[in-house]
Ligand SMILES: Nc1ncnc2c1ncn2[C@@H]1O[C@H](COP(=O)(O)OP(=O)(O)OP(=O)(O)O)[C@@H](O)[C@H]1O
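The chain that follows stands alone, in the form predicted alone, written as structure tokens.
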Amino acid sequence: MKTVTFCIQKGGTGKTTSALALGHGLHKKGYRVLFVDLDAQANLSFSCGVDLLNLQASLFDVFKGRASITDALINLDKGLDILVGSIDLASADREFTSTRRTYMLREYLSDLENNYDYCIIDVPPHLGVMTENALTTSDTLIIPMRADIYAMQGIRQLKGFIDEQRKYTNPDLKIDGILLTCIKERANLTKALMQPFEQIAEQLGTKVYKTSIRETVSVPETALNKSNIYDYAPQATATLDYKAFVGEFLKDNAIKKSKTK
């Protein structure tokens, strides 16, 4: 199982939307996919149609030791499951203080790794213990960024956080690329605008994906309708962009498909 985290310590970058698009895109190509929602806002779970008011258990309950990992696992479709998040995760930084707190997710996912081809993790928009868990567990990282100057704020802090995880918990963690999102339909990614992002990518030892994601009303509409963008708005500009992004991602990250169980 290849584990991919979408991470940036800033809201409004299309982090959850992009995680959903990659996961659903891989699933439509025949891969078995597991979503993991580590964000207390649980937007990933909500967008997948999970009834957050009537959960049997969430990942918080699993980490607290009062539920099994399968108790927090919900089937969405054949070959597509989610480990659900909840508002309780907002207290994670103060609730989990033991020396194993950074390794909780890795330990529990080890029981599931043979059931999936890809695991897609969505994290909170801050660099706390849940993000530490995700980076400790992941093979690779994708950084979604809005294509504006404000998105570049805090990138040094993020780099320091990633370097820390590499040093202490996951030396093999890679950054697959920076995904530029929320591009205005009429805006052009000029050389002047692209240059700072390419410089950031160089600092992080990665690349800027050739594919960028255009802004469209279909994205929030899809979330509200608890669907996926490929089924809800197959001809939307963002949908076409995400299809191209999935293809670009697979060029470097394709793995052998497991047999559907």
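Each residue number is its position in the shown sequence, starting from 1. The model shown is predicted, which means the values in this text are computed figures rather than measured ones.
This protein has a second form, the form predicted together with the ligand, left out of what is shown; the following refers to that one.
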Triple contact flag 30, 79 and 253 to the ligand in the predicted complex, non-hydrogen atom at 4.5 angstroms | no
Pick the stretch from 193-201, 22-30, 50-58, 207-215 whose residues have a heavy atom within 4.5 Å of the ligand in the predicted complex.
-> 207-215
Is residue 146 close enough to the ligand in the predicted complex to count, meaning some heavy atom within 4.5 Å?
-> yes
Exercise: residue 92 in contact with the ligand in the predicted complex, heavy atom 4.5 Å | no
Indicate whether the ligand has at least one heavy atom within 4.5 Å of a heavy atom of residue 38 in the predicted complex.
-> no
Is there a non-hydrogen atom of residue 220 within 4.5 angstroms of a non-hydrogen atom of the ligand in the predicted complex?
-> yes
Which residues within 2-22 place at least one heavy atom within 4.5 Å of the ligand in the predicted complex?
-> 10, 11, 12, 13, 14, 15, 16, 17
